[in-house]
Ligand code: HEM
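Single chain ahead, written as structure tokens, the form predicted alone.
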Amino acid sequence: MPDDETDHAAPDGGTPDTATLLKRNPLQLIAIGVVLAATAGAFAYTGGFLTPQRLSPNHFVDAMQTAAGGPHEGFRRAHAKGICVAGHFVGTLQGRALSSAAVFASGQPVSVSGRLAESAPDPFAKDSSEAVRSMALRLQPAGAPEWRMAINDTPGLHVSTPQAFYDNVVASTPDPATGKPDPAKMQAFLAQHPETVAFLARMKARVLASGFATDSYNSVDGFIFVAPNGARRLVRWTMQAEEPFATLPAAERAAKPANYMFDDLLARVAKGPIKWRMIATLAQPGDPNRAAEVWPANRTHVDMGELTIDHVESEATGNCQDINFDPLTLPPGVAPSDDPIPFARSAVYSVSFRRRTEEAKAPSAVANKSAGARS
């Protein structure tokens, strides 16, 4: 069995407490904290959550860069190592009934561009060291507003507020004297955030997919789907892989080449398209609209359509390298909810985008080659 499946439950079957998690492997937990401090971008909500010392998006990105040991100029401040993808999306009748968004309206292919990435701020990080992956998409229906999304393969998020996210970044920042995060600071953070302890237990329990094509990606945050008749539903969604699930033991991942996931993706698309089903999960009254809390598995699921990726290429000027996948770029038929995280992400994405577009572009860590052909 992979290491990810072992020794994750509390003795009574519940969630392990903070002390138990830290005793088992404190450095691993700190490493996860550092990754999560980068995953999905850093969050800095400008609407007052960070008072009395209100923190601007600029200050938050500064904190991210400090935690990462400085910026890698020209690259995203998080999810820095990525590759561009393209293809199309076809919505379903069920999707059209739930949302009036143009991507579902006709049942015809909608052009899609996007990016698959790892969460680390280092664009040259070894693939086998990362346990968080992301999918960013730009859906562009002809003659209608586009939809951008940035989704992760994690079971929820480790926190539910921008303040908690910032506190995690601070706790994860390496001590200049040691070059490593302070375990005491992380322990103090976890003691104040039981939702993060629960999230780390879920992360430890999950089985890591072997690569991008066999992985599934979750919206994590709640959004409102607005039906053609005006009905509004709180939803989350998953891009669920159609490829049979596969995994690799940790030792085998560690022995792979530095870019093995991206190389495997290029080789896979060269053989034919990769597909995911977009599955919406409908909230029921009383379900928490908090990113760190997962909804029960028995909620209603709706098949919204199929995503097909048939082209993959390295980042370069003019393709996905220059796109800001702002999660609040939403079309009519999709609206933000009262979840504060997307608003924070939007603010910080803007700062990160501005900074990297003003910097010199270094070559991507992924080989400059392409696979697949646009249909």
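Because the structure is a prediction, the values reported are computed rather than measured. For every residue, the number given is its place in the sequence shown, counted from 1.
FYI, the form predicted together with this ligand isn't displayed, but the following is about it.
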item	value
All of 79, 152 and 348 with a heavy atom within 4.5 Å of this ligand in the predicted complex	yes
Option touching this ligand, based on a heavy atom within 4.5 Å in the predicted complex, out of 103, 136, 304, 85	136
Contact residue in the predicted complex, from 115, 72, 148, 193 (heavy atom within 4.5 Å of this ligand)	115
Location of this ligand contact in the predicted complex, chosen stretch of 277-285, 260-268, 214-222, 104-112 [non-hydrogen atom, 4.5 Å]	214-222
Partner contact for residue 341 in the predicted complex: this ligand, 4.5 angstroms, heavy atom	yes
Distance check, residue 157 to this ligand in the predicted complex, heavy atom within 4.5 Å	yes
This ligand contact in the predicted complex: residue 364, any heavy atom under 4.5 Å	no
